[in-house]
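Okay, so we've got a single protein chain in two different forms coming up as structure tokens, structure 1 first and structure 2 after it.
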Structure 1
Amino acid sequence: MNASVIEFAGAVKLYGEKRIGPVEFSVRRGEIFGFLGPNGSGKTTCIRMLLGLVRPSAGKVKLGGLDPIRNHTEALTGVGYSPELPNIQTFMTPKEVLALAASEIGLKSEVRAETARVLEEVGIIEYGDTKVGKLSKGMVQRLSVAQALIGSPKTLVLDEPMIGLDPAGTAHLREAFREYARNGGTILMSSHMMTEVEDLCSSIALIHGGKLLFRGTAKEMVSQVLGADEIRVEANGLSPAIVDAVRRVEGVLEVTEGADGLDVKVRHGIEARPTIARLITGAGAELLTIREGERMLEKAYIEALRNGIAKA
């Protein structure tokens, strides 16, 4: 489970005066890895290097331990890819699209069963006989993911897989990706949807202006960029004395009062929630929820693009 499936070792791509890299990170077997960055940052170039579509100007890229340029067929065997803007023939049905994809990787007698399996997996089996041209953008996106899943690949490279999906479609793919990783599959997922990355990905990398700014977990990025973790407390009956007591809890840096509770900034690495919960209930207030702050990765992402990331 700890073997590197994807590896960027000082990879650089030069386009005239524009430089992408050096990019340095690896993705382990069974990991869901989030690749972040604004448009034009170099994410797509890195994905193209990984898929053997672009040759690095310097450094190395490996996929399954192989050079995707020199050993293109072998490296890409067992890899499924879903592009950001899938170009799927509109006159075909999803079943026909997937049957064609299955035949291209050598599946024969299992095509019908395999097509049904992946349509079910992405939640569009009832649209299997509908022309692609009549599907919504979100349905086409799910079909693109289904195409990547044909043949049970060991690795998925997904460029904005959640784009255009409604909440139900997003939830369906989220669970499908988790199940895929639980079964030992590896996912590299490029995305602008920070809430999905925060929820799904065990580790992330951030690239901006061609430079890799960060590699680690979402929590580590939040801590490095924002300098603290956030706790959201919702409670009834919070008195000024209780709020002052929360401010004195070890590790608490700042407490902001709102109409329905408190936003508490805590020094990274200190778990203050049990202490705060006991303090509130012990003082006779009604604790409704106490949880990590929401949209923290999004806040850190925006701040990192604005001011960079301080070294830990």
Structure 2
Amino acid sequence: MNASVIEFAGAVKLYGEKRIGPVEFSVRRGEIFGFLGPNGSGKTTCIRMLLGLVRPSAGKVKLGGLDPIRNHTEALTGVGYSPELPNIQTFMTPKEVLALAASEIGLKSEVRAETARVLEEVGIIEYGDTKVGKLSKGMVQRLSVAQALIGSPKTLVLDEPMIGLDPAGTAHLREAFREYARNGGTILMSSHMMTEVEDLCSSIALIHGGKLLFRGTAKEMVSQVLGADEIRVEANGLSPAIVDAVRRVEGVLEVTEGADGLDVKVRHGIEARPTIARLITGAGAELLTIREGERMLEKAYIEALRNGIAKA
């Protein structure tokens, strides 16, 4: 049995001279899949091919094992979509938008309850009767996610779902997506927010210039691109001798001194933190924190776009 919910098999889209693809990857049921790439790289085109809005020029795209163009109704059943910068009719209220979405998916009874549920889930229940034209950008973004969640779809396709949200909104949606995935849902989300992707996604793909550069986990991408893990050390009283000793620890590739500590690059897969911690405290310095480096995926992403995966 094929457990792939989403499948791109050499999918290509031509826009005159511009070519997106061939794109080749699949997303298994229950995965939260991060689709990364800079603006104009082809992420949205791939998503639109997946939803049957755009016809591939070559190759195949399958959603739930079906061709989303030929079997649009069947393929899109149980799929929710929230577009990047959602355009929603401004004369409607969120409740009306959701009622229309409910009729599109054939929800007949309990529309009110379902509407209230999804409005609650994205945190805009109190704006249910406000015209969309009077909502803030962040509220519209949440409404877009709400209409994707209506009818409890098994698969969510989210194009930049956190864009325009304030930190509270981001945190709210992040938790909603986690809950959705915990309940067995599959998510494909494109995002520029690497911390969100690193935090949420079980696997990722990177597309650049219309070409798929990478498919794997965030850790694999960091390892493959940067070739090392990073450790952040914050301590008082670090002498040059201690720094030299850290440089000699097995697996340490590079040590950079900063104002309040050290950034240590370590060969991927080696756990050097206990040794470094012992070394620092043993030499009489005061160790404040020692943790994994932050925003590693972001660093790997920028590096990959600059130099390409293979070169990196």
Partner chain sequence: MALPRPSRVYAFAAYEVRRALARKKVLAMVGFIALLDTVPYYILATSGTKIIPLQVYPYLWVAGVLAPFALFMQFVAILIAAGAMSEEYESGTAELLLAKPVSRTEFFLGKFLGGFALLALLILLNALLSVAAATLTYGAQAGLDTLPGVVLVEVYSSALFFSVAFMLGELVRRSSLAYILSSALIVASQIIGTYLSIAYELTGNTFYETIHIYLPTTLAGSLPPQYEQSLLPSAASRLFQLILGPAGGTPSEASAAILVGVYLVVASSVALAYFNWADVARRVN
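What you are looking at is a predicted structure, and each value in this text was computed from that prediction instead of being measured. Sequence positions of structure 1, starting at 1, serve as the residue numbers. Basically, rigid core = biggest C-alpha set you can superpose within 1.5 Å across the two forms.
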The form predicted on its own: is that structure 1, or is it structure 2? 1
Taking the rigid core as reference, does the Cα of residue 63 move 2 Å or more between structure 1 and structure 2? no
Taking 2 Å as the cut-off, check whether the CA of residue 288 shifts that much or more between structure 1 and structure 2 after a rigid core fit. yes
With both forms fit on the core, is the shift of the CA atom of residue 14 between structure 1 and structure 2 2 Å or larger? yes
Please give the CA displacement of residue 275 between structure 1 and structure 2, in Å, after core superposition. 4.1
